[in-house]
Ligand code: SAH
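Here's a solo chain for you in structure tokens, the form predicted alone.
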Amino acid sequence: MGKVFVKSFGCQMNLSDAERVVGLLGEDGYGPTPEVAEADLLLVNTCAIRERSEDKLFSLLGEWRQLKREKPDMVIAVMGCVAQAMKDEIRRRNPAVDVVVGTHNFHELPELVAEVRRTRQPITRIGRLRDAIPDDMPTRREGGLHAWVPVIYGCSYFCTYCIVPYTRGPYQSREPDAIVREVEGLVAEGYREVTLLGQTVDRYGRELPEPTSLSALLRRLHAIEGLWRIRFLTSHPLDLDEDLVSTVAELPKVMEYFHVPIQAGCDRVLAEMKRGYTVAQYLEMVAMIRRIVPDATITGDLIVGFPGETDEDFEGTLALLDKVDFDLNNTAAYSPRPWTPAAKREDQVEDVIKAERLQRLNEKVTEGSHRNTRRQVGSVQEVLVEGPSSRNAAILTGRTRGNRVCYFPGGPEWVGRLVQVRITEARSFTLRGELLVPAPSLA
């Protein structure tokens, strides 16, 4: 049996793609290894969302090139969004790379690796962005409680800063029957929670020959016996409608968690980003969520330093945090991306200004997150116990329905169960508590 070491950068969709590739490689006799030096195949799954991710890739490939000099039969493969976008440059910058494969034909990787071993010649295989991605691929996941399940690939919004439509192509929903089969199989293996993935997951099913919706899919998955929890991300403000929110309120297995990026708190910047909504419309959506699901957790994404962003524009983003009262936000400084209109603008914000704004934003995000965790002190939260803490085996860790990490004392007999935890302490991003025994639990 050969051994494969996999490194994934970027989003949960990348992690899911990597799990599928490892499953496919398993059919060719490869088993995963956590040790780079033991591997016969080194695979990196790439992210192109920011320039820094590309820098990390080429730094990693430089390290692997040195390893290959000591182990010449080792195969190095690159897949994912950078492979799709920079197919020719990857091998030019690092000739040690043997295989470059794109986002819509990563399922061909095992045969490409076999061909490289046979011919000793490098291969680049980049499919068209409208090519179908096969369903029912074997998948090898780490852990046994939570699983990522992609339901829709690609994005057709073409926000002016975003490279995703150029590397993952237009919307391509999976057939609902295939998704149900996958989740049923996961439950049979002992998985209890799934997160449905898509760059704009709320668009699910609209372009299928027999159109359907994310709400309809949630209802089908909710009926699967033995499945305890369902999440979905990432939502888009233009697609998150009242029907979907009402479905979340109605179905107990669907977590009250909404990740809905806004990106900026200024209407002019949002328009130049081509987001398609205003701050007021976003606030209306938030009000709708809280009216239907009062206990909802709402998180988002924010970008600072978009071209032309003024101090006043940035202050609008800071003010937005108070208006929405987010539970948490992912934050990033704007990074110019190939092919995108924003990258061609001449009014780029200086890096030092972006760094200063990002620091201020992160401080306010941390403050807001801590404010929300403190509100939970004294409450009783349902937690899916994932296992012992990495620092202390006597402390268990799991996630609340609102996706907060929670730590509490307990033994191994609670792992894999749904329990009730009284929250006794709040940190900026995590909770501490005590297990209620006997635990009024679903399992």
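Please read all numbers here as calculations on a predicted model, not as lab measurements. Residue numbers run from 1 along the displayed sequence.
Another form, the form predicted together with the named molecule, is not on view; read the next lines as being about it.
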Handout entry: Position in contact with the named molecule when the complex is considered in the predicted bound form, options Val279, Ala77, Ile303, Leu217, heavy atoms within 4.5 Å
Key = Ile303
Exercise for the section: Note which of Ala332, Leu227, Leu283, Val116 lies within 4.5 Å of the named molecule in the predicted bound form, where distance is taken over heavy atoms; exactly one does. Expected result: Ala332
Practice task
Would you point out which of 367-375, 231-239, 189-197, 136-144 contains residues with a non-hydrogen atom within 4.5 Å of the named molecule in the predicted bound form?
Solution key: 231-239
Handout entry: Any non-hydrogen atom of Thr247 within 4.5 angstroms of the named molecule in the predicted bound form
Key = no
Practice task
Verify the contact flag for Cys162: yes if a non-hydrogen atom of it lies within 4.5 Å of a non-hydrogen atom of the named molecule in the predicted bound form, no if not.
Solution key: yes
Practice task
Would you check, heavy atoms only and a 4.5 Å threshold, whether Lys56 touches the named molecule in the predicted bound form?
Solution key: no
Practice task
Using a 4.5 Å heavy atom cut-off, state whether Arg50 contacts the named molecule in the predicted bound form.
Solution key: yes
Fill in the blank from the handout: Across 238-272, the residues having a non-hydrogen atom within 4.5 Å of the named molecule in the predicted bound form turn out to be Pro261, Gln263
